[in-house]
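Next comes just one chain, in structure tokens: the form predicted alone.
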Amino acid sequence: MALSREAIVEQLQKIAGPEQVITDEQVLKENSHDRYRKLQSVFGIYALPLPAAVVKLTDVEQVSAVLKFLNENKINCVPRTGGSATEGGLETIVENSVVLDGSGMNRIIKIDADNMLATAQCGVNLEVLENQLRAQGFTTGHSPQSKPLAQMGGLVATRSIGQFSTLYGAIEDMVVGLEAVFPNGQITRIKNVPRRACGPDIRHVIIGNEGALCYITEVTVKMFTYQPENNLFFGYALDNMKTGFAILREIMVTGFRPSIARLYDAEDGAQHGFDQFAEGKCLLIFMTEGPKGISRATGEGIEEIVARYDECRKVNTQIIENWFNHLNWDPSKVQAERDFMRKNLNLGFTTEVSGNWSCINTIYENTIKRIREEFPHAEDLTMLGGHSSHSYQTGTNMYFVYDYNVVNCAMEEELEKYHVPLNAMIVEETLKAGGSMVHHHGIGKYRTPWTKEEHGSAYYILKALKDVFDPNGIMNTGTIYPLK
């Protein structure tokens, strides 16, 4: 027989201690969702089932004991650290779920300059770790916009990427070793070695699992030397995105690796303030870094390639450097966004996808065209555009951005009227063209209708992981894996 809400709390208090089990109603409300429900949170609307409790975890043994109890009693849990997720992966959609908050596990365990490794608990804030490393002449190379808020466990769980990925790679390229706990209480550690050929790379069972398979408690990532004095900036206005994609491809295929390689369409560029010098055109932005010779050679290579395209015009790089210095969220920006939404009932969302070079422009053009022609509330859109910000030898991503006024509907209906159908159109056009429906934010709970289509016959592998590691289905129900 299922345990009552009261019994769940009582047992958790025995396992973790009364002071670690939070049942305050406001805390439960704030832990029932993530940044997917922006407008509702601004107005204090909490439509999802409130969790039975939030457990403030303190160490890996406690995580093991709590998970074992939840598993034995088939109680759904939602792993959480910094709470900066944007795709609904932190929503508590099951009655009497338990939120497992690892933000208190915030110790930087070791900075190993000899082996260029940094080891941290899951609740270590990325900006805190980065600042400590930079003070010693190092960097993680990882810089998502959420850096001031995001924590190490969540970054790895969502397979995140940073703004300097074209040089340093994404989180899966940085992670060396891990510690995680599975629902049966099994504590698992993957050791820190540069590479091994000992079967499949089991790190990837854990990286990107979004709390649907296990709970990440500790992460070891690579370190790089930090040499900001060698940063160089480049910017070019151009007529169309197709040319921009061609330039990005040529730079990557030729072998150059700038840390930033971004292509904005006119609408998205204007929103970032670039229209003052791009004059209504698309914009290419580059930054090179590393040892002086490498940074300079990369910059020279970029300039040589761009010079072959007559439509490209150099822009003021000081403005780009100023933009670079204010990339990330901070508490004042987050609060300003909330104040703007409250006052104007206007909000913005993003849907990021990826594709090979042969299809990425098709994805961009067909998606924008479809939304403008078929979205039934197109008149409420105040901005529709996008940018590419993470490029590879074989392709790049496309980050669609859309803002809209909430008109003639209750705030509770905003998601279904606007965000859900817009997100669906982007995903559908991407899959139709042969791309991937998610580039780096994770599937969460709102792209699961397309999980099977995304993976095709390989869904067999993904489903088998869930069947073996979480047979009772207690880990973050509705995330990654579509509900029946």
Partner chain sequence: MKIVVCFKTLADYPMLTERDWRVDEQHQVDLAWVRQVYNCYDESALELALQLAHDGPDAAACETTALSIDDSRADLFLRHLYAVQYDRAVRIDCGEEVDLRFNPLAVSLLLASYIREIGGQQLVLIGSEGGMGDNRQTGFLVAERLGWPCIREVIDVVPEESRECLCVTSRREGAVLTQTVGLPLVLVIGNVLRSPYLRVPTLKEKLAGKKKQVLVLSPTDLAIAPDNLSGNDRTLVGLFRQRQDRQCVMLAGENAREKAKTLYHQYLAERLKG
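Source: prediction; values computed, not measured. Positions refer to the first chain, counted from 1.
One more form of this protein should be noted, the form predicted together with the partner chain, which is absent from this view; the next part is about it.
Chemist: If we take heavy atoms and a 4.5 Å cut-off, which stretch out of 183-191, 341-349, 287-295, 357-365 is in contact with the partner chain in the predicted complex?
Modeler: After filtering at 4.5 Å, what remains is 341-349.
Chemist: Can you work out whether D275 and the partner chain are in contact in the predicted complex, taking contact to mean some heavy atom pair no more than 4.5 Å apart?
Modeler: Close contact exists here: in the predicted complex, D275 approaches the partner chain to within 4.5 Å, heavy atoms only.
Chemist: Is there a non-hydrogen atom of H326 within 4.5 angstroms of a non-hydrogen atom of the partner chain in the predicted complex?
Modeler: H326: yes, in contact with the partner chain in the predicted complex.
Chemist: Can you check whether N405 is within 4.5 Å of the partner chain in the predicted complex, heavy atom basis?
Modeler: Looking in the predicted complex, residue contacts with the partner chain include N405, since a heavy atom lies within 4.5 Å.
Chemist: Quick check on M383: any heavy atom within 4.5 Å of the partner chain in the predicted complex?
Modeler: The answer is yes: M383 has a heavy atom within 4.5 Å of the partner chain.
Chemist: Check for me whether the partner chain, as it appears in the predicted complex, comes within 4.5 angstroms of all of Q271, E279 and N316 - heavy atoms only.
Modeler: Checking in the predicted complex: Q271, E279 and N316 are all within 4.5 Å of the partner chain.
Chemist: So the partner chain isn't shown here. In the predicted complex, which residue out of E179, E250, E172, E267 has a non-hydrogen atom within 4.5 Å of it?
Modeler: Result of the distance check: E267.
Chemist: Please tell me which of D112, E321, E412, E311 lies within 4.5 Å of the partner chain in the predicted complex, judged by heavy atoms.
Modeler: The residue from D112, E321, E412, E311 that makes the contact is E321.
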